[in-house]
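Single chain ahead, by itself, as structure tokens, in the form predicted alone.
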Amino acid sequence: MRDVCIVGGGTAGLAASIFTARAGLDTLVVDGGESILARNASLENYPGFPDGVDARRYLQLTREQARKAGAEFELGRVTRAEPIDEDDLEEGFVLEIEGGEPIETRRIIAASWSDSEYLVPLDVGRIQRGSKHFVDTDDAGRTAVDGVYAAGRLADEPHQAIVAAGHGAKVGLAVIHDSDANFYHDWVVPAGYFTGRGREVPPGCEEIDDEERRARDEQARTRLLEAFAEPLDEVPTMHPSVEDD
């Protein structure tokens, strides 16, 4: 059984997976297809990219970061989510996958804008606005059903990528705090930051010396130079309502 299954491999789902995986939770992202962010011609309001960044490149790098953190991915569409049979010794949920094997998980993060039909059997509290259905959550993304969360646009957050990423991270932290994971702030700090004050390094934190810091910086710069060395061949995805010429 997985610790957490994240439905949706867009910005919110990926951000949540980075946090839960780094905290040691067995994390699976069920990716039902291309993120809506791939429709952007250029992502130009995300901090850290003064001249913008190709949205598809951003998604690729974020997915790579999630994998490096320990998250696993499965391509598929979730069609139904329901509680595990009451006679089972473990509490959790079963996700039915179109054309695939069911997945058992202790917790669900729904980050699948704009699909939430699979949550109907759980009665999480869906809010209809026009043709769309949002999921009712508290400030941390928790729904009315223990163990079920919603992140990003599905949780009625604003549509910007930076907001979705931030909310996904926040929901990931809520999952961590509701689990048995021993977690603090996920800091990487200079050697002596804690131990130099006679404190133990808190859970989720790491002290590194200057040699290790420089090595990580070199690795990070090398990877980014590789990632941005050539133009990305992928083009934006047009809105499905636009007819091809």
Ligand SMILES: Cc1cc2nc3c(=O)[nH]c(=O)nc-3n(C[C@H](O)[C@H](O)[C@H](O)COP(=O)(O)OP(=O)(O)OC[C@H]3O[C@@H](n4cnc5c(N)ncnc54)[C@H](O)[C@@H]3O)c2cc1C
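Residue positions are given as counts along the sequence shown, with the first one as 1. All values derive from a computational prediction rather than experimental measurement.
Omitted here: the form predicted together with the named molecule. The next part is about that form.
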Practice prompt. With heavy atoms only and a cut-off of 4.5 Å, decide whether V30 touches the named molecule in the predicted bound form.
Written response: yes
Discussion item. Can you work out whether R77 and the named molecule are in contact in the predicted bound form, taking contact to mean some heavy atom pair no more than 4.5 Å apart?
Written reply: yes
Worksheet item: Given that the partner is absent here, does A16 sit within 4.5 Å of the named molecule in the predicted bound form, heavy atoms only?
Response: no
Discussion item. Taking the named molecule as it sits in the predicted bound form, is K132 near enough to touch it, meaning that at least one heavy atom pair lies within 4.5 angstroms?
Written reply: no
Worksheet, complete the sentence: None of V189, L61, L37, A181 but one has a heavy atom within 4.5 Å of the named molecule in the predicted bound form; the exception is L37
Worksheet item: Which pick from A69, I208, C205, L43 sits with a heavy atom within 4.5 Å of the named molecule in the predicted bound form?
Response: L43
Worksheet item: Counting only heavy atoms and a 4.5 Å cutoff, which of 135 to 143, 148 to 156, 121 to 129, 101 to 109 contacts the named molecule in the predicted bound form?
Response: 148 to 156
Fill in: C5, F93 and V175 all contacting the named molecule in the predicted bound form, non-hydrogen atom within 4.5 Å
no
Practice prompt. Could you run down 180 to 198 and flag each residue that has a heavy atom within 4.5 Å of the named molecule in the predicted bound form?
Written response: none
